[in-house]
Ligand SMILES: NC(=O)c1ccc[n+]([C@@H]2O[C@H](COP(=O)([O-])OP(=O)(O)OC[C@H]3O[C@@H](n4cnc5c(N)ncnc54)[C@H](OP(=O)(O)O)[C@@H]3O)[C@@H](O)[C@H]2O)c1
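Just the one chain here, the form predicted on its own, laid out as structure tokens.
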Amino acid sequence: MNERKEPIPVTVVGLGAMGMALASAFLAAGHPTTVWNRSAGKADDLVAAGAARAATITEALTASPLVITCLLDYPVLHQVLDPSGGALAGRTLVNLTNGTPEQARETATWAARHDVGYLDGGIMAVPAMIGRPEALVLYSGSQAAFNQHEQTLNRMGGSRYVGADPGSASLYDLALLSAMYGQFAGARHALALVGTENADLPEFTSSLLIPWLTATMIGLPVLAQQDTAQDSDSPSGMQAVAIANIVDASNAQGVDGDLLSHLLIPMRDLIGRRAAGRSLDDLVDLINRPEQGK
């Protein structure tokens, strides 16, 4: 008969909106939770909900075998942890601070010097999603640490281990955010364009925009398999013309030109070498009068 494991103690360092959500998820799952923040008052609601407030960062780090950090950036992370790094010896540090792959690798080296099991993570969720099945957190670094604490980490959302390189989670996190921001830029432009005719934007979004963007996801596997080194001098003329028409229509409708910036690189890719050094309007002229590029 399998014995049910008691929830292990967890420390959460950093109580911004995301840190608060993380600590709340552990409390809701029954984990003894210690919290610490440079502004101590940020912990008041969590303490009222059952968390223990650490008086010092050293007290916070030694309170639990699993320490979660979620701070503004890596400089702040090291300002907080470096003076008390020795207190982490023999524990697992899961760093969910957003940063670059190189910062993650440097922090993993720092952790190894202090005999600390290290996982770097990327949170693919907003605070309101934490603790729910749709939240996803990426992890990289120590496979042993991930295996040991996976059940506990799942309290924050679905967990996915993406490799032993501590920088992998940051790399994947930033790549996914880049895709999201690009999609948001295109969606914002779409809403601005349709909005020039006083369209019902909520209806357009729910009945057309979201289903269309969802349907286009089917093409991503093909995009991932393409040889990005292939010559682009033979572009899809239809796509190039469509993008040029989007630009022309947007200008005619008085849409802010800054909202068109997401079209510049796709248009350059479609036209190829002839696009070098040209502005968006120049590229439209090149499509409309292709003899200019010869």
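Residue numbers run from 1 along the displayed sequence. Because the structure is predicted, anything quoted here is derived from the model rather than measured.
Only in words, not in the display: the form predicted together with the named molecule, which the text now covers.
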Original post:
Which residue among Val76, Leu201, Ala187, Leu193 has a heavy atom within 4.5 angstroms of the named molecule in the predicted complex?
Top reply: Val76
Subject >> Single option in Ile210, Ala89, Val126, Met180 placed near the named molecule in the predicted complex, where near means a heavy atom within 4.5 Å >> reply: Val126
Subject >> Region of this chain that lies against the named molecule in the predicted complex, out of 53-61, 239-247, 37-45, 23-31 [heavy atom, 4.5 Å] >> reply: 37-45
**OP:** Answer yes if any heavy atom of Gly16 is within 4.5 Å of a heavy atom of the named molecule in the predicted complex; otherwise answer no.
**Re:** yes
Original post:
Do Leu138 and the named molecule come within 4.5 Å of each other in the predicted complex, heavy atoms counted?
Top reply: no
**OP:** State yes or no: in the predicted complex, is some non-hydrogen atom of Asn98 no more than 4.5 angstroms from a non-hydrogen atom of the named molecule?
**Re:** yes
Original post:
Is the gap between Leu66 and the named molecule in the predicted complex 4.5 Å or less for some heavy atom pair?
Top reply: no
Subject >> Interface residues of 67-87 toward the named molecule, as seen in the predicted complex [heavy atoms, 4.5 Å] >> reply: Cys70, Leu71, Leu72, Val76, Gln79, Val80
